[in-house]
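Have a look below at one chain only, the form predicted alone, in structure tokens format.
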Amino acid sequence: MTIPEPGSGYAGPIAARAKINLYLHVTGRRDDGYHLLDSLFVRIDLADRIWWRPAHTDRLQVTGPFAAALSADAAGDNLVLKAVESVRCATGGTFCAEIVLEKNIPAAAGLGGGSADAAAMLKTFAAEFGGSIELDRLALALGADVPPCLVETPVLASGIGEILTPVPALPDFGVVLVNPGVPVSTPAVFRRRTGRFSEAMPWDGSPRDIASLVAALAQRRNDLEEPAWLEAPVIGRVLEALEAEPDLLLARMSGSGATCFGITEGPEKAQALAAAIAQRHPDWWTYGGAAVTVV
């Protein structure tokens, strides 16, 4: 499947941007098993692209470099189709859609690709058919990472991910992403987490520059890094490779892994570092780009 040609009747492309967690503290656990979080979500310029057109039945076609990660057997369980169904149920509508998803974000990688796709579809179909439906409620029903993906600008996520607080402007910065090609199960990572829960750390003020941003992040961490290393030891090697780069200001894992990221002074440096790491580790996927701090 290729992307739709102009004039084929498809609307789009709709960008579903990946996210990174600049930090992630696990602050508790509810009686129902869901963990409580304190995390700073930032979207980046890496994005899946989505096209759609009206149809008699829902249909999803997947293309792009990571299409193989979404097998035909799992297509009916894809969050994109679940998002369409949730808007249809909430509005009492009868619409259906033929959707083409270009998968550019690695799956099961800590980058929120599936959640970003779902959020993009919720917003698109709510605008088209939904009127004043409660997007936050529909998003949370699809997954804890979906509500933050409704917001394009940086946001603090707490609770299980459904309590969103806008943050003051962040300085522009570049992002290097490295994924070793090993999918990591989020439930498995949480099962490996042991020890005490962390305290939430309120994000106060607005960093005036990258140095201030990095200093604030250095006081925080990703509580899931250690359990993710135990689940997939290659994550430790990825972080070591990033930390060895002299132009990198901070290295950290995103979400529950396995993607790790580094902060640079701008996207040009990020692209150069990604290319250098790819040359030394051709079996790893790399990407250099920019954080989305203003939309």
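When you see a residue number, it is the position in the sequence shown, counting from 1. Since this is a predicted model, take the numbers as computed values, not measurements.
Separately, the form predicted together with a small molecule exists; it is not shown, and the next lines address it.
When contacts are judged by a 4.5 Å heavy atom cut-off, residue 33 counts as touching the small molecule in the model of the complex. Although the partner is absent here, residue 190 lies within 4.5 Å of the small molecule in the model of the complex, judged by heavy atoms. For residue 144, a non-hydrogen atom is located within 4.5 Å of the small molecule in the model of the complex, even though that partner is not displayed. The closest non-hydrogen atom of residue 37 lies within 4.5 Å of the small molecule in the model of the complex. With the partner omitted from this view, the residue of 198, 153, 186, 78 that lies near the small molecule in the model of the complex is 186 [heavy atom within 4.5 Å]. Site annotation in the model of the complex: the residue of 164, 216, 167, 160 reaching within 4.5 Å of the small molecule with a heavy atom is 160. The stretch that touches the small molecule in the model of the complex, counting heavy atoms within 4.5 Å, is 136-144, out of 103-111, 87-95, 198-206, 136-144.
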